[in-house]
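We begin with a single chain expressed as structure tokens, specifically the form predicted on its own.
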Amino acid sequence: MSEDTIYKADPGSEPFRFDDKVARVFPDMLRRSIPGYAASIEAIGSLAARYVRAGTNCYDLGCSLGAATVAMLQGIDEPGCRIVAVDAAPAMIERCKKVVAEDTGLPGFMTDVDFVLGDIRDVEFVNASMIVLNYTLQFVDLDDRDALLRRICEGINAGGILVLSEKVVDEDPHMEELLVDLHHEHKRRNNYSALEVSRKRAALENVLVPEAVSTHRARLQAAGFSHSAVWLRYFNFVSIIALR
């Protein structure tokens, strides 16, 4: 695993991009930056085993290096399924293909994987039993989020599941300040310097736009999901499951 040193050197004022430089160090970046990330991936595998039905499709939207795709592959225990892994970054898709190939090369896997280089807002969701948005919606324009969630819900079969993991903001300003500080402390414990934390935060400004948990749950309800719940929270990172 390559170490994330992107923000040790002065990166200038460029916004955060999912380019080859990020793709090379992305596993280390996630491990050190997102508390609870490993737990969310583990749960995706367990949920796939519970909710994915034979002959249906699953979607990993914003698949990056394919951690959620691999988790679904390992969890699905039904025949005739297909996973569609979508990302807008060429560097991510290319590395995702290699990561997934290492797993699907093992005997016992029955599930096909299609890789799509493109915008998740352009994807047609058909016959889905599981869709994953693992820290992806936060990078979608605010004005497009409602429509995307409606289309996702329309494409999920009755009884299907959406996994939505996001960085969030707390509605209590005092608690928001505390949670941000705790997150920065988490990064420092994982050997990011204060300067690296500051530089990355500046790079993500206006690129990653978080919302409150209540906003996410209201959007899910408006989109047509019958139930939703936060199943995991660690500081200002949450994972929500929503049922069709």
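Not measured: the values here are computed from a predicted model. Numbering starts at 1 and runs along the sequence shown.
Although not depicted, the form predicted together with a small molecule is the subject of the following passage.
Asker: Can you work out whether the small molecule is within 4.5 angstroms of a heavy atom in all three of Ala128, Ala147 and Leu220 in the predicted complex?
Answerer: So, no: the whole triplet misses the small molecule.
Asker: Would you check, heavy atoms only and a 4.5 Å threshold, whether Gln74 touches the small molecule in the predicted complex?
Answerer: Residue-level check for Gln74: no, no contact with the small molecule.
Asker: Is Tyr192 a contact residue for the small molecule in the predicted complex, using a 4.5 Å heavy atom cut-off?
Answerer: No, Tyr192 sits far enough from the small molecule in the predicted complex that none of its heavy atoms falls within 4.5 Å.
Asker: Using heavy atoms and a 4.5 Å limit, would one call Gln138 a contact residue for the small molecule in the predicted complex?
Answerer: Although the small molecule is absent here, Gln138 would touch it in the predicted complex, with heavy atoms inside 4.5 Å.
Asker: Is the gap between Arg151 and the small molecule in the predicted complex 4.5 Å or less for some heavy atom pair?
Answerer: So Arg151 does not count as contacting the small molecule.
Asker: Of these, 88 to 96, 170 to 178, 156 to 164, 74 to 82, which stretch puts a heavy atom within 4.5 angstroms of the small molecule in the predicted complex?
Answerer: Only one stretch passes the 4.5 Å heavy-atom test: 88 to 96.
Asker: Considering Val209, Leu30, Ala49, Ala202, which brings a non-hydrogen atom within 4.5 Å of the small molecule in the predicted complex?
Answerer: Spelling it out, the residue with a heavy atom inside the cut-off is Leu30.
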